[in-house]
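Before any questions on binding or motion, here is one chain by itself as structure tokens, the form predicted alone.
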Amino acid sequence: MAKIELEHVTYTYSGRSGAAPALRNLSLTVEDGEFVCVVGASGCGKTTLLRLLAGLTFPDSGEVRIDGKPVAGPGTDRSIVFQNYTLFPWMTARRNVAFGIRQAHPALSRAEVRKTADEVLQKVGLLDAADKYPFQLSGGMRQRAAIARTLAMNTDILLLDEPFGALDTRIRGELQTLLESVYMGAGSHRKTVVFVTHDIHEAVLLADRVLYMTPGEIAGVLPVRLPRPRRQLDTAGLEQVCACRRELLAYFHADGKPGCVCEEAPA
């Protein structure tokens, strides 16, 4: 069942006379419980796509729908992580996370909000810095706090714009594992994730489907059919993963349309 739908969406940034549309007649469906990664060169429209899904921007033409309903603005069914951290500078890390929880789940008590905030800060390795303000945190720590706020909101849809770009390799791997566990959730229901990244291996590691964008358009789609859970060390040398990475590199270097589908190897 479709969770997210874009139908013939065009968007051009205002004030850019003669500029090409950031998105041009773009159509896309993301299924409920699907993890989609979006890759492509800078300026091709990846962040614009997320902003439309978040309800922060509206198309010039076409329609964006969540659960079959047109997106009219931000909603508590969606949460987003931007590249630039977007923390409130007057709030500590804990209060930033708690703010997100209260927005998504206003019925929770103060004690429940604090408990949830601390649990998620622990998972991203920031509990010891919970009482620090953003200016007291490194860039990587601020990004982890922003990720913690989004994960703590526990929304049905996660929108992430290069959330791990400022992190070192070890922390990045730990948060990739955490994100996958959050995505898979409890029981049979999975969250729906749209994840922008410049890291091809990260896209293959996380995604059910990778979309390659050229300016304003989706130029190709690469399914990734690998078993979960997936870990950096376990998947790095797999031939299926290497094949997927080669196919994605073909897009970047030649704008080709790869035909290989990454699948689980036969037992």
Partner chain sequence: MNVTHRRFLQSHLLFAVLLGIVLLAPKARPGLASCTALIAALCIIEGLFLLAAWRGRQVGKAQTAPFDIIRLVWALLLVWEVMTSVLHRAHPVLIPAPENVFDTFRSQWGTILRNIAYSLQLLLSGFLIGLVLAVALGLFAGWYPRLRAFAYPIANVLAPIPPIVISPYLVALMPTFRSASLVVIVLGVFLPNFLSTINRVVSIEPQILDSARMLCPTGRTMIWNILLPYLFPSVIGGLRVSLTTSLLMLNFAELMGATHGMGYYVQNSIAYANYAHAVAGIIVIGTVVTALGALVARLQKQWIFWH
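Positions refer to the first chain, counted from 1. Every value quoted in this text rests on a predicted model; they were computed, and no experiment measured them.
One more form of this protein should be noted, the form predicted together with the partner chain, which is absent from this view; the next part is about it.
- Using heavy atoms and a 4.5 Å cut-off, decide whether 125, 142 and 170 all contact the partner chain in the model of the complex. No.
- Query: Pick from 166, 91, 184, 129: which has a non-hydrogen atom within 4.5 Å of the partner chain in the model of the complex?
  - Reply: It is 91 that has a heavy atom within 4.5 Å of the partner.
- Task: Could you tell me which one of 117, 80, 196, 71 places a heavy atom within 4.5 Å of the partner chain in the model of the complex?
- Result: Residue within 4.5 Å of the partner: 80.
- Item | Residue contact check: residue 138 to the partner chain in the model of the complex, 4.5 Å heavy atom | Residue 138: no contact with the partner chain in the model of the complex.
- Message: Contact with the partner chain in the model of the complex for residue 51, defined as at least one heavy atom pair within 4.5 Å: yes or no?
- Response: Judged by the heavy-atom cut-off of 4.5 Å, residue 51 is in contact with the partner chain in the model of the complex.
- Using heavy atoms and a 4.5 Å limit, would one call residue 87 a contact residue for the partner chain in the model of the complex? Flag for residue 87 set to yes.
- Message: When the contact criterion is heavy atoms within 4.5 Å, does residue 56 count as touching the partner chain in the model of the complex?
- Response: Yes, residue 56 sits close enough to the partner chain in the model of the complex that at least one of its heavy atoms falls within 4.5 Å.
- Within 140-171, which residues have a heavy atom closer than or equal to 4.5 Å from the partner chain in the model of the complex? Heavy-atom contacts to the partner chain in the model of the complex: 149, 153.
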